[in-house]
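Taking the form predicted on its own, here's one chain by itself in structure tokens.
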Amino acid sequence: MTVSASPERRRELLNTAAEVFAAQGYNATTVRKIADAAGMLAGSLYYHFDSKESMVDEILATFLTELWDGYDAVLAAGLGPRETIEALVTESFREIDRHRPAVAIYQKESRHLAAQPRFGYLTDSQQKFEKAWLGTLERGVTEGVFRADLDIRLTYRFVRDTVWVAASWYRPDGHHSPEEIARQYLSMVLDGIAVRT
């Protein structure tokens, strides 16, 4: 049976677990490895969480909830297509900054985990993500903001992969803020897909 830890301790343990999952992969990570990284006995970790599945579930659910809070605010803001893409990219880099290990876990493990009923929300989130980005790109082509010959699906995959792969190299203590990295990425991407005047 699990007991309620202080919110700070729970967050510390989840942050440690996220780092271990991100570095070693879900299947290779054991409760013992997480406990060792947290400086506690494996049995003690069971006072806080009933399984490693519970830990990775909470890590991913927290990341996706915060991601969608930001994305939903962007999508509800009534911005033009270009401004929406800019805001989505910026929000993505902010989430990479806040949840880099969770992003790495999501990228490496979501297909495998989504096969389990407990993680069905991963597939739902991916479909919602795709719809938001594709819809914005399609709107941009329709409104003449993005080139008419743009392959929407290919562009979506390119932008998605270009942005989210940054989780593999981004470090919060690096030289650039998430907003600065987003500005640089957007300059490279949008100058290639925006209508040339």
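What you are looking at is a predicted structure, and each value in this text was computed from that prediction instead of being measured. We number the residues from 1 along the sequence you see.
Although it is not shown, the form predicted together with the DNA is what the next lines describe.
At least one heavy atom of T30 is located within 4.5 Å of the DNA in the model of the complex. Contact check for G144: every heavy atom lies farther than 4.5 Å from the DNA in the model of the complex.
Taking non-hydrogen atoms only, R9 approaches the DNA to within 4.5 angstroms in the model of the complex.
The shortest heavy atom separation between S51 and the DNA in the model of the complex is within 4.5 Å. None of V165, L154, L41, A148 but one reaches within 4.5 angstroms of the DNA in the model of the complex through a heavy atom, and that residue is L41. None of Y47, F158, F129, Y170 but one reaches within 4.5 angstroms of the DNA in the model of the complex through a heavy atom, and that residue is Y47.
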